[in-house]
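In the block that follows, a single chain appears as structure tokens, in the form predicted alone.
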């Protein structure tokens, strides 16, 4: 963003909430702001909307600029219009939700040209003393502008949609070969609660297998001493 903004104008920004599931927890990618305002704070990647681009095109370009990945799921999240959200002037933010499997992100984040870090989020101020270096408090001073509100809105969107849409499948490393346990871990990370294995299995098979949206493959997954897991394929 520009250091100064015209006070008599309304400016539009595009911000990306890039979400993944890491180690059984939902996490977001943030970049550290190098200049004022909020210098040194963590922020969602974003910039002002160019005159020659639509919000969709700008979001796509920004994602391509920030991460060397293709085919990430993206949807418009919300438009944030609070009059005091940016101390430099009147800035409206069109936020986008981007879902990327951790396995695709892990290698990217070690590249020198990628200026993003991965954080799990904490939405409880009472637990602020427990926040570690890889966790960020949504209402804490580490986050710039109203980005805590944007992240909270994105989490609620995911929690509301995961039970009736295919949004959870976009966190899978592969939609061509996954176990129901892998899918359950994603649901638990998004919802923030443990789920009964038998109930989850019945629910998923009733919702997706009987409607033809997932099908068993001929492969199995062997891990440890337990019974090998049947692998499934997702069919959009």
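Bear in mind the structure is a predicted one, so any value in this text is a computation, not a measurement. Residue numbers count along the first chain shown, from 1.
Another form exists, predicted together with another copy of the chain; not displayed. Remarks below refer to it.
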{"property": "Answer range among 203 to 211, 50 to 58, 64 to 72, 25 to 33 for contact with another copy of the chain, defined in the model of the complex as heavy atoms within 4.5 Å", "result": "50 to 58"}
{"property": "Contact of residue 90 with another copy of the chain in the model of the complex (heavy atom, 4.5 Å)", "result": "yes"}
{"property": "Contact label in the model of the complex: residue 9 to another copy of the chain, heavy atom within 4.5 Å", "result": "yes"}
{"property": "Residue 78, heavy atom within 4.5 angstroms of another copy of the chain in the model of the complex", "result": "yes"}
{"property": "Non-hydrogen atom contact residue 94 with another copy of the chain in the model of the complex at 4.5 angstroms", "result": "yes"}
{"property": "Within 4.5 Å of another copy of the chain in the model of the complex: residues from 184 to 217 (heavy atom criterion)", "result": "none"}
